[in-house]
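Just one chain follows, in the form predicted alone, and it is written as structure tokens.
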């Protein structure tokens, strides 16, 4: 699925988009950075409540191309700056993390 597909229905809002044509092949949910580094698959979207700049470093290491914060959370300004430097897409959603994951999962399964 292309990231562009997630932006069509209004459940996800752009914060910073490096490339909306990147492929999303999987997803992972978690707030513990070591868990993300150990288990998150590459070319995935990461749903987290974490908004600090360290999430960009973790995403870069495991080749996550998109980070989404749910429930109206906002990324710190330094995180957005680091995302631009590392070509990581940032989205936010007003949905809770369970609903956001369900939307993404459904779209991935439709392909």
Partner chain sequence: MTSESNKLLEKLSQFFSNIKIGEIMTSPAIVVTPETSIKQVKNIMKIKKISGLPVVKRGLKLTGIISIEDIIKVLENGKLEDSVKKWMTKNVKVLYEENTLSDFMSISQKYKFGRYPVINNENKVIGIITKYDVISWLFERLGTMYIHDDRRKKILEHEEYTSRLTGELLDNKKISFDFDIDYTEIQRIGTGATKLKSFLKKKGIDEKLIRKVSISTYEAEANVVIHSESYGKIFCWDFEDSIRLLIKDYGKGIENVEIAMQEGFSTASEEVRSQGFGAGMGLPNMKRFSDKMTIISEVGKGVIIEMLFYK
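These numbers were taken from a predicted model, which means no experiment stands behind them. Numbering follows the first chain given and starts at 1.
There is another form of this protein, the form predicted together with the partner chain, and it is not shown here; the text below is about that form.
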Quiz prompt | Full three-residue contact with the partner chain in the predicted bound form, heavy atom 4.5 Å, for 23, 95 and 103 | solution = no
Quiz prompt | 4.5 Å heavy atom contact, residue 65 to the partner chain in the predicted bound form | solution = no
Quiz item: Should residue 80 be classed as touching the partner chain in the predicted bound form when contacts are defined as heavy atoms within 4.5 Å?
Solution: no
Self-check item: Heavy atom of residue 76 within 4.5 Å of the partner chain in the predicted bound form
Solution: yes
Quiz item: With a 4.5 Å heavy atom cut-off, would you call residue 29 a contact of the partner chain in the predicted bound form?
Solution: no
Quiz item: Can you tell me which residues in 39-70 come within 4.5 angstroms of the partner chain in the predicted bound form, by heavy atoms?
Solution: 40, 41, 42, 50, 52, 53, 54, 57, 58, 60, 61, 62, 63
